[in-house]
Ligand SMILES: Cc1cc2nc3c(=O)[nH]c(=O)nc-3n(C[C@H](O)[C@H](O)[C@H](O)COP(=O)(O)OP(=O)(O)OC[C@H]3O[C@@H](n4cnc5c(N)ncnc54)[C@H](O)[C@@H]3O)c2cc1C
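One chain follows as C-alpha cells, the form predicted on its own.
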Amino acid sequence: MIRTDVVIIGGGATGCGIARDLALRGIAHYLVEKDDFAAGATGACHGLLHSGGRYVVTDPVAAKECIEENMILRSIGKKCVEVTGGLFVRLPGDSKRFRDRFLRSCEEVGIPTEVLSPTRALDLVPALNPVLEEAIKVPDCSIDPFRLCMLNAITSRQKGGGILTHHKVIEIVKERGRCVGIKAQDQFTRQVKEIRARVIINATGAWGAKVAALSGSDVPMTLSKGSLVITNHRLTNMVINRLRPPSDGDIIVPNEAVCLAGTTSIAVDDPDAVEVLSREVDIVVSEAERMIPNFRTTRMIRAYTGVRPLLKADGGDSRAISRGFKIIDHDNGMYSILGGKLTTYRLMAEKMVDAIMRDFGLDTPCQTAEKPLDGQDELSGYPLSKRLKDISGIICECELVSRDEVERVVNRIGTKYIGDIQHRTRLGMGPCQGGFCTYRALGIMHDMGRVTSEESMRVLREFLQRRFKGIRPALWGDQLREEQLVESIYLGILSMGNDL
C-alpha cells in the first residue's frame, strides 16, 4: 500500500498541472492515468493556444482567462508553444455586425487586435481565399499538448511526486462514508495497487461522471464530441479562424509539419464510444476550404475526435455552453474539476490546489505563473543536424526519428507501448502514420528485452486497429493508395491477416 496526501486521477493537462502545482507547494501526491499523458481531450484537441478571440463575443469571461493564460504560457513554456499569431478572416456573406461586436469585445477583455486589408492578409498567408474582405490579427499560438503534460509531470517527479501511467482506477476506497484512497490496475500486467490519501482529485475530463460515480457522487456534465482532420503538410504558418459565431470547421492550426482543422460539436453520452463519421470529415474539409481553397486537394492523413467535458446545460447548442470551469467539493474527501480548456489548464490547477491548501490549513502561494516549466531542454529532442548525421539510423523517415532516440525513450520510461514513444519523439506522426516505422520500433523494443514476441504482436495489433480507426474516414486519393501499400506489408510480408 502507498500513502500520500493527494491522489490525482487523470493525466491530461489539468491533472498534470495540478501535480506540478502541488509539487511546487510541497504537497506529497500521486497522479494516476489509465493510458499515457494527454490521452483524452488534451491530446485530441487542435493544439490551439487561444487568444480568447473565439469566445470573446459569446463568453467574455472565458475569453479573458484565455488571453491572460496565453501570455503566461508563452513565458513559462517556450519549448512547447509556437508563437504563430492568428487571423480571423471575414469572407463574403459574413456579418459586419459580428465583426464590430468582435472588435469591441476584444478591446473590453484586453485581446490586442489589428485590422488587416485583404492584400496585407494575403501577404502574411498567401494560401488564403483571395475573395476575403478583411482579416483581424490576434495573438493565437499553437501548442504541443503532449509535451505540455510531460513538462508539468517532470516537476512532479523532481519534487518526489509519484506518477502511474497505464493504471486504471477501478475502485475508490471509502471508510465511514469518506474517500480515503484508490485502487488502480496496471493495464499491462493487471496488477492492482492501492494508494491511500487525504484527498482525491477527479481531473478526468469527459470521464468525470464515471469516476465520481465510483465514490457515490454525481457531477453535472455535458459531453460534446469534436472531430478534426490532419493534412500532410503546413498550408499556413498562422492560425486561421473564421470571423463568425463559433461553428463547424472554422479553425486551421499549424502544428509541427502539419495542419489541424476542425472542429464539429455533437452531443454524446459515453466518451468511450465515439468515432469520427465521414460526414464530419466532409463538413470540416468543406468549411476549411472556404478559408484556404487548396485545403480540398491537400492529402488528409488522419481524422480524430475528442470529447469536450463541458459544464451541464439543458438542451441547445453545446457551442453556447460556457468554456469556464468549476470545482466541486463532494464533502466526502473527493473534489472534481470540470470544464475549462487546454489554454486555461494552469489557472484551473491553481484554483484546485488553492482549495486543497485551504482544506489542509496551509497558505503556500502558487508559483506556476512565474516559474518556467522544468525539463524543457531535455524534452526538446534531437536537433535536425544531429539526426541527419546518421541517416542509416533513421527508423521513421517522415519525422527523422532515429534508433538512438527510440532507445533513449524506452530506457528512460521503461515503456511497452508504441504510443508512449510517439508522444515523446513524434515517431509515426508523419504522412505514413506509423505504417512503415511501428514494426521497426517494436523490433527495437524486442531486441532491448522490453517485450516478448507475443507481447510485440499484441501491441502491434492494438496499434494497427487504432491507426486504421483514424485513417479510415480520410481514405481517398493518395492516402488510399498508400494504405493499400501498408496493408500489403502487414497482411503479406508480416502475415498478420488472421490477427487483424
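All of these numbers come straight from a predicted model, not from anything done at the bench. Position 1 is the first residue in the sequence shown; the rest follow in order.
There is also a form predicted in complex with the ligand; it is not shown, and the following applies to it.
Chemist: Quick one: find which of 337-345, 291-299, 152-160, 106-114 has residues within 4.5 Å of the ligand in the model of the complex by heavy atom distance.
Modeler: Residues of 337-345 come within 4.5 Å of the partner.
Chemist: With the ligand left out of view, choose which of Leu464, Ala474, Ala63, Cys45 has a non-hydrogen atom within 4.5 angstroms of it in the model of the complex.
Modeler: Looking at Leu464, Ala474, Ala63, Cys45 one by one, just Cys45 meets the 4.5 Å heavy-atom criterion.
Chemist: Leu400, Leu228, Val219, Leu132: which sits within 4.5 Å of the ligand in the model of the complex by any heavy atom?
Modeler: Flagged contact: Leu228.
Chemist: Within 4.5 Å, heavy atoms only: does Trp207 come near the ligand in the model of the complex?
Modeler: Trp207: contacts the ligand in the model of the complex.
Chemist: Looking at the partner-bound form in the model of the complex, is His50 within 4.5 Å of the ligand by any heavy atom?
Modeler: Yes - in the model of the complex, heavy atoms of His50 and the ligand come within 4.5 Å of each other.
Chemist: Find out whether any non-hydrogen atom of Ile9 is located within 4.5 angstroms of the ligand in the model of the complex, and reply yes or no.
Modeler: Because a heavy atom of Ile9 falls inside 4.5 Å of the ligand in the model of the complex, the answer is yes.
Chemist: With the cut-off set at 4.5 Å between non-hydrogen atoms, does Ala19 touch the ligand in the model of the complex?
Modeler: Ala19 lies outside the contact set for the ligand.
Chemist: On the criterion of a non-hydrogen atom at 4.5 angstroms or closer, are Val32, Ala39 and Gly306 all touching the ligand in the model of the complex?
Modeler: Yes: each residue has a heavy atom within 4.5 Å of the partner.
Chemist: Which residues from 162-182 come close to the ligand in the model of the complex, meaning a heavy atom within 4.5 Å?
Modeler: Contacts from 162-182: His167, Lys168, Val169.
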